[in-house]
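Read the single chain below, which is given as structure tokens and is the form predicted alone.
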């Protein structure tokens, strides 16, 4: 009798444990799609793969996330990413605030010209009240912000000559992201912004049709060997490009609480690792990324804060125009966080 009672208790105990794994696995999809707009070899794409691997390992294969790179889920149109994410076509994303900012205007906060002086300022904003407000905003629109990654400060390279003051950009044809605020910024600086995809841009550089471009150093410029096209670089930190690990709200709710926590922790870890890779060699005393540019024949101009302010003053009309679109309160909260980070 005691033996039978013991077996019964063991059965009851096992029945309380099994549903969180077996039942969850039975209710989950065989595959979840994750959208990334770049290729798998860039730090951005690699960060998405790291996240997917961590989730797969820590859920013992219950949650299998397949990373779809190079905008393949949206037929190459990057600005459609948020739409397909909210609809559930892509259950997960590792997305740029730039690509979503055409749909979600407050994300243009990160596109304000010369707004963020350094990485400490960015971390203060994303890790504080502003980051929480953005998370709430996204949740209301159907997606959950899991963690932050990064594509980096966008720096200028060109084939014409060194740029150290706004006047140096006058008349220069610069390839930019097709987001309106980027076009406004380049026009305010006297440049001629050109919106084209990256493949066409590289051909235009070779042919001399387009003079320059703006992208993060470690995330884009070094991997594509930008010195093949341009001999001049300006480190001006004119806008920052944070990345967001996100999941569709309904998809997240379909997982057990335990698996939801695994997903969140995997995003936090993958984001921290990815940010470290993108920042490597760009923060004193380690400036090895800039030395890589120089060793490949580029002349590198690094603007100090006073020189950056000349560019900021020139683009003040852009700032004034976009603050109301972003939200005055959100911008004011960000300004306070940035000011506190500089003390």
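Given the structure is predicted, the values throughout are model-derived calculations rather than measurements. Positions refer to the first chain, counted from 1.
Beyond the structure shown, there is the form predicted in complex with a small molecule, which is absent from this document and is the topic of what follows.
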property	result
Contact test, all of 98, 220 and 241, partner the small molecule in the predicted complex, heavy atom 4.5 Å	yes
Heavy atom of residue 38 within 4.5 Å of the small molecule in the predicted complex	yes
Proximity of residue 177 to the small molecule in the predicted complex, heavy atoms at 4.5 Å	yes
Contact label in the predicted complex: residue 108 to the small molecule, heavy atom within 4.5 Å	no
Heavy atom of residue 237 within 4.5 Å of the small molecule in the predicted complex	no
Contact assignment for the small molecule in the predicted complex, among 126, 80, 215, 248, heavy atom within 4.5 Å	215
Options 148-156, 265-273, 126-134, 85-93; stretch whose heavy atom lies within 4.5 Å of the small molecule in the predicted complex	148-156
